[in-house]
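For reference, the chain that follows is the form predicted alone, supplied as structure tokens.
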Amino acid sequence: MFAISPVQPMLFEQRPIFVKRDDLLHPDFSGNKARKFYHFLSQDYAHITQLVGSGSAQANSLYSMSVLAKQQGWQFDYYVSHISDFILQHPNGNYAAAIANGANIIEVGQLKLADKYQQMHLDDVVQCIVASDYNNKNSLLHIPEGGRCEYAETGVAILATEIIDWARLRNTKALKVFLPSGTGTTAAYLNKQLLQQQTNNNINIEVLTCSTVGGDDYLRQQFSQLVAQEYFPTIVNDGHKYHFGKLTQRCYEMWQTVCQSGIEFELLYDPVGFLVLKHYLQQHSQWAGDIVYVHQGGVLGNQSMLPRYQRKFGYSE
């Protein structure tokens, strides 16, 4: 369904690395969303009439799910904790594109919910709403926030195969694969699949990831809901605590630096990823093997992130 994404060399911190260009997989299912939603695109879901999802109002998954629902002719309800006044008054990015595809975006804070929901995570609240407010469960597909579900492994397994094939063609014996994590779904399933698939290939592959949301402990908790501990990727950090979506000069400057390569990266996950990778390379300067950075797409979100940086810091593109 998707062509094999190319691997492109890039100079980072005075050393060559390689970028797995999953952002080029498909304009509507870019990066990890192409991998996570591959199962739903390749299987028969003729019995489904309604899709329910949740996350932020500018999530990449919101846009990709809106395309999936539009293609399949499904009604699409998407729950968010909050929609900023600015987005409501100036729709752009993933939010605007999803609305154009017919997404019904519901702000949980505007619903009349029981007090017990107030302290619950958005995904848990939506599970309760689905259980109580949606009648025909047999025709409903609920995809958790960020696509964090067992079905994501189908597409990530293909990513693992592509990486192994590329490493074999390069005659690589030692490889580190780096990608920043939100829910950790892609990193967890990728590490599991690489370990299971490359046992006979004589390639030493290690998956490195970093948390962009709630810290290392949060990420381990997410992994534990998806895979056995033996499949946990290696979590690395640079000593900074990153708050998801918070604008910092460090992140913006790193984004500018890596985009000088000629590859456009996104502004939410990639700056944190490259800051942590920079620290890791400084701590492991003797590493002589190959490094692959997985570009997980999401550049459509830059339409909303760049104006936020401009408003806060006065930056121009």
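This one's a predicted model, so the numbers in the text were calculated from it and none came from an experiment. Residue positions are given as counts along the sequence shown, with the first one as 1.
The same protein has a further form, the form predicted together with a small molecule, not shown here; the description that follows concerns it.
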Residue among 182, 93, 233, 144 with a heavy atom within 4.5 Å of the small molecule in the predicted bound form: 182
Segment that reaches the small molecule in the predicted bound form - one of 27 to 35, 278 to 286, 246 to 254, 47 to 55, heavy atoms within 4.5 Å: 27 to 35
Proximity of residue 301 to the small molecule in the predicted bound form, heavy atoms at 4.5 Å: no
Contact test in the predicted bound form: residue 40 vs the small molecule, heavy atoms, 4.5 Å: no
Contact of residue 274 with the small molecule in the predicted bound form (heavy atom, 4.5 Å): no
